[in-house]
Ligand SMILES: C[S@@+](CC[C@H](N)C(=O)[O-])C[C@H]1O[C@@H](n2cnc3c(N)ncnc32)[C@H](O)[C@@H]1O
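Taking the form predicted alone, here's one chain by itself in structure tokens.
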């Protein structure tokens, strides 16, 4: 799973989420090093820590926290009640967690609390996605809703919300998810892969030709959003 998350193939139904996420995290890991030097990372909802290799060359420490018993986690706790001291991490990573948490406002407040002055929170969550309880699935956002969530839940130097991919990629993801499901039920899942890959390739190419499809605005759909919330010095 970790390798697929670091190198998502176009045949992956959620390619529109996973591929941009890896590129964004890799860029943010390097940028944090350029601006902060070697830094401390807290990975909230870390799972198997699939993105640790992107940060490993630049960090002083990489700590994972999960709300469940997880052999990969260093700490156990929920995003709404993080077991860490105030300002103890320079970069706080929270990927695909907010849609599952009980209280998003409290979660964002906690992410801010454990981030050191001059540090930043890197968060991602869905705009559009099929219902996927694991164990719960509560929330979806627009770019405006996420900006409101962050700015009203804590104090920041800046909050930047960007779509991970464009409207056509989002539509392609939905088609791909149901193609994959249909072929899986027929016992022919591997035959769906070239169709999914072609769908994702075409959707990405269409979005690349139109800024109006890539940027949020009336009538657009986005599968995922990336948030950079910076803490004042």
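Residue numbers count along the first chain shown, from 1. This is a predicted model, so every value here is computed, not measured.
In what follows, reference is made to the form predicted together with the named molecule, a form of this protein that is not presented.
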Problem - is_contact(residue 71, the named molecule) in the predicted bound form, heavy atom dist at most 4.5 Å - result: no
Practice task
Give a yes/no on whether residue 196 approaches the named molecule to within 4.5 Å in the predicted bound form, heavy atoms considered.
Solution key: no
Practice task
Would you check, heavy atoms only and a 4.5 Å threshold, whether residue 47 touches the named molecule in the predicted bound form?
Solution key: yes
Exercise for the section: Report whether the minimum heavy atom distance between residue 64 and the named molecule in the predicted bound form is within 4.5 Å. Expected result: no
Completion exercise
Partner-free chain; cross-checking the named molecule in the predicted bound form, the single residue of 91, 79, 123, 146 with a heavy atom within 4.5 Å is 79
Problem - Which of 181 to 189, 201 to 209, 53 to 61, 39 to 47 lines the interface with the named molecule in the predicted bound form (heavy atom within 4.5 Å) - result: 39 to 47
Fill in the blank from the handout: Near the named molecule in the predicted bound form, with a heavy atom at 4.5 Å or closer, the residues from 129 to 167 are 134, 135
